[in-house]
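As a starting point, one isolated chain is supplied in structure tokens, in the form predicted alone.
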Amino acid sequence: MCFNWVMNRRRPIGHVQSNRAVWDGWAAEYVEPGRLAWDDDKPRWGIYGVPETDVGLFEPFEGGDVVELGCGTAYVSAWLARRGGRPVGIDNSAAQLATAASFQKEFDLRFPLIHGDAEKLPFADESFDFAISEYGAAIWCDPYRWLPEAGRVLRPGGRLAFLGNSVLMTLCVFDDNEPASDRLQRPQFGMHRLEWPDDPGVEFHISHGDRIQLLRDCGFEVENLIELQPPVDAEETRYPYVQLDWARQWPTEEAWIVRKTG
């Protein structure tokens, strides 16, 4: 096996810069998907486009100050702005933010876009009512860095919703871009930093037990863990790591909804 779990929880040197370069290079591939999402008034989540009505990441959103952590093309912020929110998008990739800015002009919808690192947010304590990440910080930032920052900038009672790859899929996916199998490919104990062969990007995945303990340490209470299932009309995606038949049997993605206590 060629996978590499890095168990050190201190901030590894270089992953922020590596992921910035990766997403600057990938940005062109996300222009058209971003445009379609900006143009859709019915949010859909994850690689299979699961309707918001089946997931509930926005419920019960009633407006307020919002930060999208790893916003990419910022379509989630656009959805929230149309629901009465005051979003701010922050992303590690200047190229992704340039796409987001072009969509703001195209769809005549403006909100702040900040080039920065979700592991070191440039906001004062207790600045936001709601924080959200669909992939973005959820898998591309170290959870031992970005989750404490999310807790810091949320007001008491504020909610955090984030979505990324499921723990099960991460354990079952091969390290050579072959789709996930029905067999475990790597250990769960010690999972944290994941680097794929011939891929300069760095992902972060931790177990449910470690995630719950970390969330508690950051002052969060878990309200829901949603394991996403593709809708009946779902089709195969362009992502090589999973096939639709697998995703219909086991969760490819999971979403957490937590609330800051105190």
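When you see a residue number, it is the position in the sequence shown, counting from 1. Only a predicted model underlies this, so the values are computations on that prediction, with no experimental measurement involved.
What comes next is about the form predicted in complex with a small molecule, which is not displayed.
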From 161, 100, 78, 118: within 4.5 Å of the small molecule in the predicted complex by heavy atoms is 118
Is every one of 30, 72 and 91 within 4.5 Å of the small molecule in the predicted complex, counting heavy atoms?
yes
Quick one: does residue 136 come within 4.5 Å of the small molecule in the predicted complex, counting heavy atoms only?
yes
According to a 4.5 angstroms non-hydrogen atom cut-off, is residue 241 in contact with the small molecule in the predicted complex?
no
Just checking whether residue 16 would be counted as a contact of the small molecule in the predicted complex - the rule being heavy atoms within 4.5 angstroms.
yes
Contact of residue 141 with the small molecule in the predicted complex (heavy atom, 4.5 Å):
yes
Among 152-160, 127-135, 172-180, 103-111, the stretch whose residues bring a heavy atom within 4.5 Å of the small molecule in the predicted complex is 127-135
